[in-house]
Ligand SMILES: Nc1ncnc2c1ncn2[C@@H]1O[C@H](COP(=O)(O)OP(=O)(O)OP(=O)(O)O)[C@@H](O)[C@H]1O
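Read the single chain below, which is given as structure tokens and is the form predicted alone.
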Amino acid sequence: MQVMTEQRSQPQADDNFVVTKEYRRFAEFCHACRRERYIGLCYGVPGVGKTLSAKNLAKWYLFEKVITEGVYFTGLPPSLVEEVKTCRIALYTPPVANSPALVARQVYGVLSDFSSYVEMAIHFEDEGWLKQPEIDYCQLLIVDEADRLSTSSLEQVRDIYDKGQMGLVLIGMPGLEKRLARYPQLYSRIGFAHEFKILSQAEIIFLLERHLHQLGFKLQEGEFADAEALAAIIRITNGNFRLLNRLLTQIKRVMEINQLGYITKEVVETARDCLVIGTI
């Protein structure tokens, strides 16, 4: 176990994260699984924000280095200590190649490190925080990229859930729910299902204006060129959060190269040509 005290090493929240309607629906779904200790299934097309939402809900920026590198932070600001104290959601992403033994070892490791860190925060001013935690603080385990899990590894996750006192959320691609339907022991325990949907047009406009404001640009209300550009962005991204970010990055690049101060449909189309866009 390492202890890091440098200010630059302290965990930072993602200030660019935007709470959307879909995120609120996802959070409510997860809290229901946590409250009822059920298994929940969340699925959605790539790029809609499933992983980002899970990390934000779990405040995983506070735990990522603890889980992956065994780094415990001392000298945390009081506000972050208070945040860690209240965290009850852990996140696990299985490797591409996995076995039941590996999954069990990693999941129990995540749960142990998670509880140790919460215990450390609760006893932040005491000497006892280095002791093995007496309480399992995790009330909900979110398993991202659940599609990677083999049949036997899924059974291992179910066994961990059965032995614990926590809820479980499996996140994956559309079709995961059909695959799990073939395993009655697991599927019969699923209490909630949630489809993570694409952004609405209003949310795309909000995110776009927010991002452009950060770049020093803005859409001029009533300008035909800007309306054209906005329509092109909505059409190209089709509500896909990840694709919207990628397209905006390319738009910024095109505008800087050409020293432009406003967005046109031509700029958007040029930025789109720089991207590799599959079916979304």
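Numbering starts at 1 and runs along the sequence shown. Since this is a predicted model, take the numbers as computed values, not measurements.
Just so you know, the form predicted together with the named molecule exists too; it's not on screen, but the next bit is about it.
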Q | Residue among V48, I39, L62, C30 with a heavy atom within 4.5 Å of the named molecule in the predicted bound form | A | V48
Q. Does L52 reach the named molecule in the predicted bound form if we count a contact as any heavy atom within 4.5 Å?
A. yes
**Q.** 4.5 angstroms heavy atom contact with the named molecule in the predicted bound form for E155
**A.** no
Q. Would E195 show up as a contact with the named molecule in the predicted bound form if we use heavy atoms at 4.5 Å?
A. no
Q. Wondering, does T249 line up within 4.5 Å of the named molecule in the predicted bound form on heavy atoms?
A. no
Q) Thinking of V18, E145 and R242 as the candidate spot, does the named molecule come within 4.5 Å of a heavy atom on all of them in the predicted bound form? A) yes
(Q) Under the 4.5 Å heavy atom criterion, name the residues of 85-108 that approach the named molecule in the predicted bound form, in sequence order. (A) none
